[in-house]
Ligand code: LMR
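Shown here is one chain on its own, the form predicted on its own, set out as structure tokens.
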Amino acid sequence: MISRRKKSFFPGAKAIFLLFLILAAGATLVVASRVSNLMKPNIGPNDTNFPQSNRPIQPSGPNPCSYVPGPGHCKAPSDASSSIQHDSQCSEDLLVHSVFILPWYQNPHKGNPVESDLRRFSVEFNLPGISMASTMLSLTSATPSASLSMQEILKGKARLGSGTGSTLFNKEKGNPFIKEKSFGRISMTVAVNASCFEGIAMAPPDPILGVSEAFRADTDAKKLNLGVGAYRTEELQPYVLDVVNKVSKLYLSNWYIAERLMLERSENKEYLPIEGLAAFNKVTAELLFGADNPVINQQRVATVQGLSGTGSLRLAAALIERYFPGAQVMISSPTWGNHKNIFNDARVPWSEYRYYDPKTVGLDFEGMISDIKAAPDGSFIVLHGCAHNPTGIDPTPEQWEKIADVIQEKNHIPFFDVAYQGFASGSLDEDASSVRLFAARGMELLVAQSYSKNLGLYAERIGAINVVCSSADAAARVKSQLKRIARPMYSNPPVHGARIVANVVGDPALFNEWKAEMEMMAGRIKNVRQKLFDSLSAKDKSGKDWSFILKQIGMFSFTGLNKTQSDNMTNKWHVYMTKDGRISLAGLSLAKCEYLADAIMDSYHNVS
């Protein structure tokens, strides 16, 4: 707080101070026309000393970021209408307007300025470093004991305190955009320009992708990233399949050759149709169902290229919301984290069926069947075609038959998510057996596909949604509506990844090379599983059975660790994983299995 000075204060200071302010204000008369334009918005709406016609117009409507009539004037939110306006957009952060009420003369008896003799000046300063704020100063008393130098005010060096001074602009109670500080008898009000997005809260980090962000920030040499499902080599480096490199080089290695090849194949860079690349749609449906499957020959499959698995699921969710109003989707507990986000975003109600049994670290098959039976008739049952994410636990062939029986009895619609065909077992046909089982029964079903894992095309965002219908006519109508949904979402899909898939799957030689590489990748993950199991079994003398690791399939393993134990894995051992205890064995090397086993042993036995 600025204290009052003693009477011995230099008697000429008052005159010098006033002279300084008058000279500063007089300089602005050079731009009098600009000053006059700024005067009106600088007057508070409740200031009774000014005529009603000079008060700023009160904002109306719900829009918190409306604009004042006239070029470049930005108006503060409706509950902060007394804010100073400035001649730039809301986001400008360097312009500050200060309005000084100068006492042209002071009553020597009362020591207060005479209102009728006040002169008002608008002074504009360009001040670097002052962010998104307009400053209003009202000098209610210019006595030497209450004076501050202009330099101190503008540099913000004055100490903040309390005082009795009044402000030119009234501050509404509870207004979040007006902040007032007093300097003795000098009152300073700061009006902060509010963002139109003020009501948007910070979103939490993604539970899966956020793991990689934390991993990158860790500087420990022993750190392991087992969070994201992306294949790594034994050296823990990203892997681009040889077959993908071969196809990509046709397009990327030599621009002239690439362009010539594209012309020879009648390829160009035009927009794809809404449904995507025809060659891709053909081979992806054949890969999933088998080229000789009746659903293919009878043209009962509506296939639309999507933005990998996520985009394909989102298209199907929109189809459900639009044409099956009130239908319920059932997802496994647990499931891939993005399933809930997708159906929530599409406003499709969902519930869970039991799947994982923490006691056995295996499948709760009875609970699963019971919950599917209890679901309302005509529900959509989301099933993982192979390599269940996050558990790695798949039903046996006999259990798949029973699941199909119950779904058929209840008139449910199976909705498969197939993200790992060929990557789970190493066999494209084996990993598609569950989907083909349901199709062979004549059931209508939906299948979302992704080529992120089995072809390593993570960044290409290439996948498809397939809808098996009872007739070719129904399939054509469904496809037309999928296209209608896709049009306002993203218009049409990208072409590069689709061409890679079409060339690899459609060329017999490349196709065989791809199958060999998938067997290699799946084999490496199986070897890591075995090594981790052996390490845990050798270290653990408690008698705990770790064989569930070998029974699981695909790139993931559900360790059975709880959130606290998973936190210990990260905080103490620098092993990054999701909080539900899932680890990606695709990100583990044989050399790191011993270290991971030590971390699991410590977390399991010493942390509750």
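All residue numbers refer to positions in the sequence shown, first residue = 1. Being a predicted model, the structure only gives us computed values, none of them experimental.
Below, we refer to the form predicted in complex with the ligand, which is not included among the displayed structures.
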item: Candidate spot 336, 453 and 556, all three touching the ligand in the predicted bound form (heavy atom, 4.5 Å); value: yes
item: Sole residue of 466, 389, 503, 434 within 4.5 Å of the ligand in the predicted bound form, by heavy atom; value: 389
item: Contact assignment for the ligand in the predicted bound form, among 406, 413, 307, 208, heavy atom within 4.5 Å; value: 208
item: The ligand contact at residue 311 in the predicted bound form, heavy atom, 4.5 Å; value: no
item: 4.5 Å heavy atom contact, residue 420 to the ligand in the predicted bound form; value: yes
item: Heavy atom of residue 227 within 4.5 Å of the ligand in the predicted bound form; value: yes
item: Segment assignment from 394 to 402, 529 to 537, 208 to 216, 476 to 484: heavy atom within 4.5 Å of the ligand in the predicted bound form; value: 208 to 216
